[in-house]
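Shown here is one chain on its own, the form predicted alone, set out as C-alpha cells.
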Amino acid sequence: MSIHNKKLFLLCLATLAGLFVLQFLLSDYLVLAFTRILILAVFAMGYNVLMGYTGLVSLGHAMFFGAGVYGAGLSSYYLGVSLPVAFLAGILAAIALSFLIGLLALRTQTVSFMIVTLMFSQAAFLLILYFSEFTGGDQGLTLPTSARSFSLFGLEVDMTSDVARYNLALTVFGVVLLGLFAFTQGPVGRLLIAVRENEDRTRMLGFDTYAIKLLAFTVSGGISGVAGALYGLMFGYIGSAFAEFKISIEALLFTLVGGPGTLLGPLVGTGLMTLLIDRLSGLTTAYLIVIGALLVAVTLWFPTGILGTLRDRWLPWLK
C-alpha cells in the first residue's frame, strides 16, 4: 500500500511515540492534564474535519460530544453494560444524531448553517435539563466505582488509574489520528477540500456535494462522540455541562489556534490553550483577559493558526 504524504505520516508516528514517552517524564498532575488534552484533541480533530477540511463552521458540536457522554454514561448507569459496550453505544448515538441533524442543517449555508446548528445544540441542552430525573440535569450523574474497570482480551483495565487512563486516551487518540490521516490524505479528503475551496465547481464536475458534506458532518459528529464517550466513562461523571454552548466554542478555538485543515493542528491548539488556561487561572481571576490578548497576538502572527501558517510559508506537506 502506497502512503501519500510520507513526511506527515512519519510526523504522526513520531508524535505518538513522543506522547507515549511523555508519561514517564511528567508529574502525576501533568499526566492527568495531558489525558484531558488527548481526549479534547480528539474532539477538536473531529471538529476540524468539518471546519478545517470542508469549510463548514458549526456552533453546535457540543451536542455530539454530549451525545457521546450520555449515550455511554446512561448505558452504563442504567443498563449496567460493560464499559466497551457503553463506549460503543456513545459513539453510535453521536453518529446517529449527527447524521439526522446533518440531513436538515446542511440544507442551509454559511451564517444560516451556524445558527441552525446552534439552535439544535441548544434544544439538545434544554432536553437534557427537562428530563433531569433521567439525565441528572445540571447536577449530573456519577458512575459507580464498580463500572470503572473492564477486561479486554484478558487484560484488566482500571479506569481510576492515571497511567491506565493516559494510555487508553493515547490509544484512542492514535487510532483517530491514523484513521483521519487515511481519510483526509486520500481521495475523500481531496473531495472535502474541493467543496471547501469551490463548491459550485465541484458540483459542476458531477460530484454530489450534499452527500460529501453529509459524510463530513457525520464523521465529524461521530469522532466528537468518541471523545465525549471516552471523557464521560474515563472520569465517571456525566452532566449537562458537557452539552453547553461553550464546549462548541472550545472546539472552534482549539482548531483555530492550532491550524484549521492541518491534521495535527487540533492537538497543538488544544494542548496550548488547555495548559495556558490551567496555569493562568491559578494566577489570576482575570485570566480570560490574558487569554484574549494572547489570542489576538496568535491571530496577528499566525493568521491561519500555528501549523496552518507553517504549512503556508514553509511546510506545504503539513496538511
Partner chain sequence: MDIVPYLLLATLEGLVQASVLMLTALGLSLVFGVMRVVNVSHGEFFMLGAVAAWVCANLIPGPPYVPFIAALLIAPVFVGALAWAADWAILKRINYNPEATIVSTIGLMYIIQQMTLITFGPDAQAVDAPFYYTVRFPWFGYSGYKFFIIAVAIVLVGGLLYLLRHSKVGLYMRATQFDKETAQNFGIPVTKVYSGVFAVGAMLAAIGGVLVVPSQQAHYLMGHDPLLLSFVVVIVGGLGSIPGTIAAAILIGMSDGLLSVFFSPTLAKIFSTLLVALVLVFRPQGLFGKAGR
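Numbering follows the first chain given and starts at 1. Definition used throughout: the rigid core is the maximal C-alpha set that superposes within 1.5 Å between two forms. Just so it is clear, the structure is predicted and the values come from calculations on it, not from any experiment.
Just so you know, the form predicted in complex with its partner chain exists too; it's not on screen, but the next bit is about it.
Taking 188, 96, 81, 119 one by one, only a single residue has any non-hydrogen atom within 4.5 Å of its partner chain in the model of the complex, and it is 119. Contact with its partner chain in the model of the complex, defined as a heavy atom within 4.5 Å, holds for exactly one of 175, 114, 182, 100, namely 114. Taking the partner from elsewhere, every residue among 110, 246 and 287 has a non-hydrogen atom within 4.5 angstroms of its partner chain in the model of the complex. Stretch 251 to 259 is the answer when you ask which of 29 to 37, 62 to 70, 270 to 278, 251 to 259 has residues with heavy atoms within 4.5 Å of its partner chain in the model of the complex. Mapping the unseen interface onto this chain, residue 292 counts among the residues with a heavy atom inside 4.5 Å of its partner chain in the model of the complex. None of the heavy atoms of residue 214 is located within 4.5 Å of its partner chain in the model of the complex. In the model of the complex, its partner chain lies farther than 4.5 Å from every heavy atom of residue 25. Although the partner is absent from this view, residue 15 stays clear of its partner chain in the model of the complex, with no non-hydrogen atom inside 4.5 angstroms. Residues 299, 300 of 297 to 311 are found to place at least one heavy atom within 4.5 Å of its partner chain in the model of the complex.
Annotation for residue 300: C-alpha shift of 2 angstroms or more between this form and the one not shown, rigid core superposed.
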